[in-house]
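So this first bit is one chain, no partners, the form predicted alone, shown in structure tokens.
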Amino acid sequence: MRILVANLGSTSLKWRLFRFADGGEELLHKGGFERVADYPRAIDDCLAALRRGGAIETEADVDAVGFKTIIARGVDGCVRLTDPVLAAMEAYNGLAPAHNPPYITGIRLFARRMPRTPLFGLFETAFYQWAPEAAKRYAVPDDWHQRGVRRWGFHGASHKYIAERSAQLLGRDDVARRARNLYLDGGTTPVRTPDLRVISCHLGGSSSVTGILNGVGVGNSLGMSPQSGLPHNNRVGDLDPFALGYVMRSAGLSLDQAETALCQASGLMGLSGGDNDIRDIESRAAEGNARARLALDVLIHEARRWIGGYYLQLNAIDALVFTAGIGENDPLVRDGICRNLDQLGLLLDPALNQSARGRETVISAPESRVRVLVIPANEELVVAREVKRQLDAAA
């Protein structure tokens, strides 16, 4: 069985092709295009690259295409991407304006290009459906809650992979099995004592922190939309809701103008004065630029705030995990987050932290009670596994 996972952006297409056979799984091919102006051609070029690489002979060899979909009204989990599901995604375009529209466009183009191939989406919100109710509620009127105003949480595929892989690295195969089967049995796979408590930090162009208890997410720093939580590359993160009305009235902005500013000119970009790439920000900070330094400090401060909250919810932790582009490759940010946590039993090894760039490794000191891990993200594998489960169930 071959499953293609497509990662869609407004101007990018990235993919991985997995083969599942005899109980094993194998990455056959990966690639991508940036600055895509012609999506139908990009999809054609993707399939041509798979053929040239020998991963497939014809596109009929692709059993399904999976997508890391974000959010849809009334839809969760891993589902077949039918017209009603796409309509449910469109209903929430306003919550994920940078994500849902390009995904919907790309999915429809794949459906047109590969009409006989089933398409599935694993929604990013799925990992948090078993979180405590208190972690999912806002203190709003019940009518608002019934309309969907709640903490959904995102980056579910990334944090689910961390839940499983961190358990394996910590010698807890029982917890790894629960994390692997979470969408099948809702976290009912039994685990032995003691509890395994992990905090996962997905830090990249979009960032979030999640608490994980025995392989199950207990909450996520992202809330109703991917604009919340930590500051992102150009999206705001947490903001007092009354700030929006105040700025609209005082600056004479329309709602569309204010939302555009929050989604495209805020986050690290707004703090730093124009840069949203962490490498550029760190370079300017090293040269003494105060705004660039502030952007780093705010990102680190907010990450520590959420880590601290989940530390209390979990009653201590066994491991702190860094993943995604910044988390995997940026020793300066990891050092800032882990600094002065010795009273919590967390000690970073400076040399290990400095050398850990994009590879799976331990970066805590030997005497640290809390293990600090770097685990490269593998969201596509999570999506492929869940699509395979859907195909197996339908067979």
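Just so it is clear, the structure is predicted and the values come from calculations on it, not from any experiment. Residue positions are given as counts along the sequence shown, with the first one as 1.
Unshown form predicted together with adenosine monophosphate; subsequent notes refer to it.
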Q. Of 300, 278, 321, 79, which residue is found within 4.5 angstroms of adenosine monophosphate in the predicted complex when only non-hydrogen atoms are counted?
A. 278
Q | Proximity to adenosine monophosphate in the predicted complex, single hit among 231, 223, 204, 97 (heavy atom within 4.5 Å) | A | 204
Q: Check whether residue 62 has any heavy atom within 4.5 Å of a heavy atom of adenosine monophosphate in the predicted complex, and answer yes or no.
A: no
Q) Is residue 326 close to adenosine monophosphate in the predicted complex, meaning a heavy atom pair under 4.5 Å apart or at it? A) yes
Q: Look at the stretches 205-213, 302-310, 238-246, 254-262 and give the one with heavy atoms within 4.5 Å of adenosine monophosphate in the predicted complex.
A: 205-213
